[in-house]
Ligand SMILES: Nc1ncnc2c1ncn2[C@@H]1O[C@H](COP(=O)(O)OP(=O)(O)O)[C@@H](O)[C@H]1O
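The form predicted alone is given below as one chain in structure tokens.
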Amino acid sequence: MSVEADPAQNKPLPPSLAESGSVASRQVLPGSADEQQIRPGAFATLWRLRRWGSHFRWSILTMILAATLAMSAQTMIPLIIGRMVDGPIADHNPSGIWPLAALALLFGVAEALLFGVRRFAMTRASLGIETEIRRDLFAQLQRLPVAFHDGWSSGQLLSRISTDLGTIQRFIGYGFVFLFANVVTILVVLILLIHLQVWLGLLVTLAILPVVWATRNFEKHYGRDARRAQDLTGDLATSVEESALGIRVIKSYGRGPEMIASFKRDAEVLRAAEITKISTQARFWSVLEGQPQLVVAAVTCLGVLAVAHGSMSSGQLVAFLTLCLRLIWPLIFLGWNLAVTEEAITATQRIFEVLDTEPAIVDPTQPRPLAGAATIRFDGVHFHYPDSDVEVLRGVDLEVRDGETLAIVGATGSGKTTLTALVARLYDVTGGSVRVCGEDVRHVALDDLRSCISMAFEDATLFSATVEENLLLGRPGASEAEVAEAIDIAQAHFAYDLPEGLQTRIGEQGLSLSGGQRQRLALARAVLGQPRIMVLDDPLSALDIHTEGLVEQALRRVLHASTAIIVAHRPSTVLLADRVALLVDGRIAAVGAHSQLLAENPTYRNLLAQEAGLEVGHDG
């Protein structure tokens, strides 16, 4: 089986298979921890979430109002206690306590009910926004071209659509609400303190200034630390995924210990980043925890002196100290609020790195229909991958006539797979044009173009679904008879012998099946589409000679009804074609019938001989 000139040849090695295996040694990938990030304003970043938040505006307003009123109700209780001390208790009037106690109970019940309302509204808003962002992010990943996915590791994309969205959901449900409610509570408490005793209240207000300074310093450092930890989590997810998918290779080469060592190094880098983040958080929390306690101690001493000199009543002192203690929790909780907010900012930035990417391959503004004969024409086609300046295709001129089957033959890396990918606009040419049914593919709506083309790749991709569901991807709504016919053509009868037949759920990427079985199901899927045009990238490479012969015999009937391009390596596959195009170093070197090229072209003859395992001299 040969390896084609495809995007994988131009992208960095998978992180888990890099030589050193450590994050520090990897090439820089988009979205990874090694890529330099620009951090825009915090408010501007979070404000971009409003496009989803507007759908739940009433739930968000209810959530904020309920939380604010609940915390305000808490704040009223110290004032009631102060009134008790100066009133019924000072007057030795037990009966006067009960109305104030009932009022305090009323505020307590109101607080509990308001927290229940907040919880209900929070669940609806935060989960709803998370679901809508996840839907839009997944839709964007489907819109983005293959070139985008070539450059991004799957772990980075997976961490954005799972971990980062969870962070945003936590911010909307808790961080955002309590950040607002706690700030309001702090302001209300400070106003009440100044009302109770002016100079003591001003002292408490001035004592909060160091907290403001610590907050600014925390925001600056924690945002950077949180971003690095989130990016490293994505890198580690990539390593885990690649190790799981490549477990057969790892075990067959006995490289388990090396992979474990590589994972440990990556995990250690992530651990160090998390410790740095937590250390920044711990320093900030030490200020939030310690400074208010010192303020309360100072206020207690000064308050006692004020009571002794008659400038405060005992009840006012009790209320003042209770409010000061009430102030400690919002200040401490503010640390958690800011940590969640900073993590949400970096998570939002990471998500918009994907959402802000403009798809390079889009529908034309005025699409043209595919009304002509099913022809394919390459006119002066040049192509290089986005991350490379080396041209894979260098001026390809080639035509496939209506109803014709054309085989493309060439050495490894000559550009065969790349050429076939241009037909369905998986990539766009960098020079020249590709025409299908007489229309430049860039002038045709993508859905219209791809609905008339079926593709089967050498590396057959199946999904974690039933056999039938995998087949129906080629043509949703196909009848049982049509599915059975496609299975018969691809010689995939083994599917009926699986534990639950066509309803058997195959594992991720179909790894529970053999390579030949996966390839036959992928071919059946392509055949089921009954396309006007078929593009088959060496679809029989994993089949044994006997099965290959049966598939080719049945496939001839299908090819007669379609225009087809087949990337071929085996001489038997070449025989399916009406004509053969020889691709050498990105250029068409010869076009003709198989027998003609075999007789007249030494390069073609040697290529087929090598595939057949024969020794042939330059002159045959």
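Every value quoted in this text rests on a predicted model; they were computed, and no experiment measured them. When you see a residue number, it is the position in the sequence shown, counting from 1.
There is also a form predicted in complex with this ligand; it is not shown, and the following applies to it.
- The listed set T346, S159, S454, T417 contains one residue whose heavy atoms approach this ligand in the predicted bound form to within 4.5 Å, identified as T417.
- Out of the listed residues A411, A424, A214, A73, A411 is the one that sits within 4.5 Å of this ligand in the predicted bound form by at least one heavy atom.
- Across the options 102 to 110, 379 to 387, 350 to 358, 129 to 137, residues that bring heavy atoms within 4.5 Å of this ligand in the predicted bound form belong to 379 to 387.
- The shortest heavy atom separation between A319 and this ligand in the predicted bound form exceeds 4.5 Å.
- Not displayed here, this ligand is approached by V392 to within 4.5 Å at the level of heavy atoms in the predicted bound form.
- Taking the partner from elsewhere, D150 is found to have a heavy atom lying within 4.5 Å of this ligand in the predicted bound form.
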